Every structure is written in C-alpha cells, then in structure tokens.
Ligand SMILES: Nc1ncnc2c1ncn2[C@@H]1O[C@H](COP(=O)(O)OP(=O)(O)O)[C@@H](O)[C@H]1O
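So this first bit is one chain, no partners, the form predicted on its own, shown in structure tokens.
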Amino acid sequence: MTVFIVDDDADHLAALADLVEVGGHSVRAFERAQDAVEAAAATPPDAILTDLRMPGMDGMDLLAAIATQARDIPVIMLTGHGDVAQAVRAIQAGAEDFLEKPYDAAHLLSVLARALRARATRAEVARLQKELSLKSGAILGESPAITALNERLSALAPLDVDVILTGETGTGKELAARALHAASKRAQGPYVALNCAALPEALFELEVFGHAAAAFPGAQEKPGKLEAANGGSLVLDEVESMPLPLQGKLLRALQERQVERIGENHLRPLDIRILTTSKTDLRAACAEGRFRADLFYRLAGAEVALPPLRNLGPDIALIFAHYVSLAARRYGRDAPEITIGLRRDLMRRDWPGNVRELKSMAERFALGLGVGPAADLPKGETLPERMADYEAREITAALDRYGQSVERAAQALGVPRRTLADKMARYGIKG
C-alpha cells in the first residue's frame, strides 16, 4: 500500500515516514500540500496522512483538491492541540479520520490500517456492483457455490426450458428467477408471479385461468395469471404450498399450454415459460404424496439448488457490505466501517433467514443500530463450554466451505489432519 505523508515540519515528516514504513507500507513524503495533490493526480495513493495547519495550501485545501479528483483516497488529518473543532469540520468535509498530536504510534498505524480496510471494502463492493450491472440479475458473490450458481443460471437462461429453483427461505430464489427471465429471449415480455401460498382455493381458477364477461353476476372479462404471462415468464412461488386438487387443474393447462377461461368453452393458446420456486425438496414431497409427481416432472425441465448463506464463507461479508452501502445511500448517511471482528461474527452466524435476514441486519447497521447479538453464537456457562461450542462451529463451517473435505478443512484451519479428525470425533461432527 502506498501512503502519501504531508507535513511542512521536515523532522516530523521524516519520523512519520519511518513509522509508516515500519508498518509495512510504501511511503512518499511531501513538505508542500500542492506537490502531494499533483502527485496524487498522476499516481493515486492508497491513503494520505496530512498535517492540518500548513503555510499556503493547508490540510483542508488538500482535502478539497483530492475530492475534485473523484478518487476514493482516504485522508487522515493530523491536528495539534486545540484544533479538534477544525478536525471535526474536516471529517464532515470528507476526511476519513483525524489524530491529535502527540499521537500514539501504534494507534496511528491502527487508524491507517482501518482506513485502508474500509477503502478496500468500498472498492470490492463497487467492483461487484459493476459486475452486477453488466451481468443482468447475477447473484452477488465470488465463492465457489455462487460462481457455480451464476454459471448454471447463465447456461439455462437462453434455453426456453421450465426451471425449478429450490432453496431455504431468503436464499434468493426470486432473484434467481428474475435473472433467468432477464437473460432470456423473453426478457421484453411480462414477468408474472403467482404466490401459491397466498391464493385461496376458492379463487384459484378465477385468478389463474381468468373469466369471461357474465361468467357470474356482475363479472367483467378478465384474463388470468396464465394469460397475463403470455410471451414471458410465469413464476409459481412457493409451489409446495399448493393443495393437491389445484395441482391437477394447473397440470392440464401446463401440459397443453392452453387455458380455458371460466364461462367460456374454447381454449386460448399459451406461450409461457414456467419458473417454479420451492422451500422444500419437491422430489421428497412427491415420494410422501404431498406433491403430484406428474406436475413435478412437467415443471422440472431443469433444477437449480440455491446455497444457504451460511455456506458462502467470505461472500457473507461482501453481501453485507453491499446492502450496507445501499442502505447508507438511501438514508443519506456514511456507510459505517465493517471491521475484521464483525466480518468474523457474520461468518459464524447460522443465518436461518439467509440473505433476507442479512439485508435487514445491514439496514440496521447502516442506521447506527449495530447488528445485535446472535442466538446461534457460542453458548455455554463456562469458558471451556463456550470455547468448545465455538470450535465445533468453526470446524463445521470449514467442512461446509470445502465440500466436507477433512484434508482441505484442516489446511484452512491450520491444524494437522489427525488433530482435526480427533476434534470431529469429540464433537460428533461427520465429514
């Protein structure tokens, strides 16, 4: 990392440059702020440490000049005693942080490291958001599970085949369905969602098949959901909730790709693609008699399983940062820093609500309300009990990340394979 240091005091400048170099960074030192601004325009640094009060261009002027370059360069102000009010104004003007002289060397390096981490997080979120804008509807993340999911969706999108999307609540089934539609030849056609869990059985035929004028007293002609999706995609959301009698009625229309409105005696052709979402394994539901096998095979031109959030490893922090950034922008606030400790906390949680739960937490965090305690973090009364619970969770998470490979999990955790196997046996973890 390259750090620019600006101070008109040559002795202090040299001492600070030595300190930052010892901290592992490359340093360029400037006695004049104008020289630093010109150098930043040619080769942007990763951060700038600058004195506040200097002759000519001072720290505030430097901050304003860097801002005009439209680059994300964190600026940390160094202030003398009595300049705190001015430093606060610098923070309001966009400075990353400030330190009052005399400062503790370790604290300065800590503040610098925090600023560099925050910048790296912003850069990563911006890069992923740019990727999302280029890949219509792509799922955010770079883990093997998300990479495989995006490749699967990209391969299926241009094929006019019906797809079943299966995953826990909040894993992004709706987003995946929209991605399939947006990247298909039907993208300019309608995208119609039918919430199977919320549709009363008495209204099913009216809502799905539509009805003709005078089909019942006061009725006016109205197309159903199937017709509304003509030329586009129909999403059967939470299809596992559909009662068996209704499944049979829907099956006939999907098999024949024709619909007969209530009160009519002729069929209307359908040109639709069916995208189905389910929280449960429909194959298992068929075996248990809770879902019609013939309807399942009609819907299952292809199947896609969406991974739970807890299996996405470092992607969890990236997705969290993405939603924090969006929320902060919406509420007109600066996005708070996502610390290393918070990242670890996010990866340790079980996330029963998956991305939906993460998004809600990110919005609270952006508003300064914190993330709150997690019921699924280590439990136990004594320290050994809590340590054992934590260790078991870390081992389970590592095995999930590496496809239950004990060898790879041991390498990632930094322990011998035999040690990991012993711990797995002790905690009853199967790999």
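These figures come from a predicted structure and were not determined experimentally. Start at 1 and count along the sequence shown; that's the residue number.
One more form of this protein, predicted together with this ligand, exists but is not displayed; see below.
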Taking heavy atoms only, is residue 264 within 4.5 angstroms of this ligand in the predicted complex? no
Is residue 359 close to this ligand in the predicted complex, meaning a heavy atom pair under 4.5 Å apart or at it? yes
Residue contact check: residue 327 to this ligand in the predicted complex, 4.5 Å heavy atom: no
Closest heavy atom of residue 139 to this ligand in the predicted complex, within 4.5 Å or not? yes
Please identify, from 329 to 337, 165 to 173, 102 to 110, 296 to 304, the stretch that has a heavy atom within 4.5 Å of this ligand in the predicted complex. 165 to 173
In this chain shown alone, the residue from 321, 146, 259, 77 with a heavy atom within 4.5 Å of this ligand in the predicted complex is 146
The listed residue (194, 250, 115, 355) that reaches within 4.5 Å of this ligand in the predicted complex by any heavy atom is 355
